[in-house]
Ligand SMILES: Cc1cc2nc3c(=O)[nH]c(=O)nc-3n(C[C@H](O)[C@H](O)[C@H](O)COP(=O)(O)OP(=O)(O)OC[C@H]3O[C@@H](n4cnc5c(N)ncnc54)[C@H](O)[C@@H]3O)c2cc1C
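Taking the form predicted on its own, here's one chain by itself in structure tokens.
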């Protein structure tokens, strides 16, 4: 079975590494130029990353740049609430991806040749999968230096319209904002002077109903594995890659692989539909109290998996 992986970000490079290490005939493609700066918050749960990398020969602790002791949240009231870290860190994602690819076959081109499986890991562009109804949020992100030491911070904008964040990253800071309102983005970033500035769209709508088409199978942000309430997509995207790897190792029949993969993805990420419904309901001011329990459960699980010991009652009272 010949397998092509299109897009070598966190999910694509991880999957290609797993396939190559296990003896599959796998080849990666990514047309980005060498040294291309990839927009990203660079934050993830170190426990989850350690587990994911246990299937490789890499030690995640060597990539960590800053560890959170506490995470500071604020909402429309601007009152700060502090929560303990459950493992959230920033890390050198670009170096990790490069190391994952060191023993793999890949090229800086678009896909060429014939393959039994084409994995779409092209992120928000979803280059090889069918276009579907989507929801994205625009972000602007800075790498900057700050005179005053800052902690890991989130600030939510009114009515679910987005959020602002500061993440320490070694001796620098990653500062960014994502919102449906450009005014929110500009005003929140105004106090900061960027040394590097990038912008991108992130997909906040889960597309788990459309993860394959013919011999094309999607992973990562291409299928919407980005948390609708935090924007975190590194660990979820790598998990999706591991789930596809699991399905591939269990069968060499394409249809069986797709069926098994869909089942695994649905079990792992179906709560994203609940979180997306929560986000859109707040934006439209149509929140339904009868769904409160499902919202609370999904949010608590999601935030804890990100690495935050979050009290959901504070979210409902202060931020949303």
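Owing to the predicted nature of the structure, the values given are computational and were not obtained by experimental measurement. Residue numbers count along the first chain shown, from 1.
Beyond the structure shown, there is the form predicted together with the ligand, which is absent from this document and is the topic of what follows.
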Counting only non-hydrogen atoms, the one stretch of 206-214, 119-127, 246-254, 181-189 within 4.5 angstroms of the ligand in the predicted complex is 119-127
Of 166, 101, 202, 81, the only residue with a heavy atom within 4.5 Å of the ligand in the predicted complex is 202
In this chain shown alone, the residue from 87, 160, 231, 75 with a heavy atom within 4.5 Å of the ligand in the predicted complex is 231
Could you tell me if all three of 10, 43 and 110 have a heavy atom no more than 4.5 Å from the ligand in the predicted complex? yes
Should residue 71 be classed as touching the ligand in the predicted complex when contacts are defined as heavy atoms within 4.5 Å? no
Hey, in the predicted complex, does residue 93 get a heavy atom within 4.5 angstroms of the ligand? yes
The ligand contact in the predicted complex: residue 3, any heavy atom under 4.5 Å: no
In the predicted complex, residue 144 touching the ligand (heavy atom, 4.5 Å): no
What residues, if any, in 15-41 have a non-hydrogen atom within 4.5 angstroms of the ligand in the predicted complex? 29, 30, 31, 32, 39, 40, 41
